[in-house]
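Form predicted on its own, single chain, as structure tokens, below.
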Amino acid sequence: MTTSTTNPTPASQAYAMGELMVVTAAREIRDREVVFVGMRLPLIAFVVAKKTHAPNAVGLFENGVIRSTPAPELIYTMADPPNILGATQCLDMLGVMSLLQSGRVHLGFLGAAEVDRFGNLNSTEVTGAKGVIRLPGSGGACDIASLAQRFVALLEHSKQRLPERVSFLTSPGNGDGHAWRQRVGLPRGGPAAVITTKAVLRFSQDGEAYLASVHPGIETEDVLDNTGWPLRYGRQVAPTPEPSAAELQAIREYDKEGFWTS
């Protein structure tokens, strides 16, 4: 839990780190955009964006559901009945994936076990103390990372989760750097941001991540010490903007028990 001391609104009381990450993700959504929402924190981010600054955004779910309004109550899987009720369309997976292929998806949210310095994602396997650990794999993540106009990843901030190079390339970011996506035939897109439990990383024109902001209560040195490569940063690193009262209200009215955000 972190406490705000700079925002004079009621939001300056207290908020969970998950709530800060949700708000930061929500602000990546622009009005009238088509967004691959996914589950967990991005699900709530879509709700916040719709209720604050992006009322005309449209949400896509990998199972084929398209919504111009959030589900009327909290959902735990994308196939929950509240996500079907009142949906704009209920297609199949091929139907929503075809929107990616045609370039009509502006933003996709992704999770991963690892994200590296060029924004490549691993959700296939990692090596732990007891050997190789198999993970769920790509699902639709590789499609989203390859074909959306941009994507945002969310994960815990640690050296293990942010290595210099992913141990398995599940979903492409910027490959090995500048112009890699163009060289391998990916016509658009790439990582726009990585939102972690400590900071926000963004990407320079050479494809490498840099430290864009540090969450309130977190020191820059803490971020650098817990990143698996020499992370670029400027002379002055801005703090991540804190949630407003309206954004916190949108989160708490929807995720009343903090199931996804606590």
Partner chain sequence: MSKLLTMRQAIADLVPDGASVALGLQMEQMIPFAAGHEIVRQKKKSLTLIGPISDILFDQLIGAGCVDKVIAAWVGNVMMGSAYNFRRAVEQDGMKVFNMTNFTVALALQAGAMGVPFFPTRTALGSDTTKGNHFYYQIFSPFEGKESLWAVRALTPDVTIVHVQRADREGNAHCWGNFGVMIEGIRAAQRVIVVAEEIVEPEVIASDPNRTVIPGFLVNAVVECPHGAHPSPVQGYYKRDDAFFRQYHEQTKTKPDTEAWLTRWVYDLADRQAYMNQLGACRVDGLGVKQHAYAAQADFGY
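Keep in mind it's a predicted model, so treat the numbers as computed, not measured. Numbering follows the first chain given and starts at 1.
Just so it is clear, the following notes concern the form predicted in complex with the partner chain, a form of the same protein that is not shown.
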Notebook entry, point to check: Candidate spot V152, P163 and D222, all three in 4.5 Å heavy atom range of the partner chain in the model of the complex?
Noted result: no
Note to self: Just to be sure I understand the contacts: of R40, R30, K51, R202, which is the one whose heavy atoms reach within 4.5 angstroms of the partner chain in the model of the complex?
What the structure shows: R40
Notebook entry, point to check: Heavy atom within 4.5 Å of the partner chain in the model of the complex: which of A113, A71, L107, L147?
Noted result: L147
Notebook entry, point to check: So, in the model of the complex, is I218 in contact with the partner chain at a 4.5 angstroms heavy atom limit?
Noted result: no
Note to self: I'd like to know if E208 sits close to the partner chain in the model of the complex, meaning any non-hydrogen atom pair within 4.5 angstroms.
What the structure shows: no
Next item on the list: Report yes if any heavy atom of V65 sits within 4.5 Å of a heavy atom of the partner chain in the model of the complex; otherwise report no.
Entry: yes
Notebook entry, point to check: Is there a non-hydrogen atom of C90 within 4.5 angstroms of a non-hydrogen atom of the partner chain in the model of the complex?
Noted result: yes
Item checked: Residues in 52-79 with any heavy atom within 4.5 Å of the partner chain in the model of the complex -> E62, N63, V65, Y76, T77, M78, A79
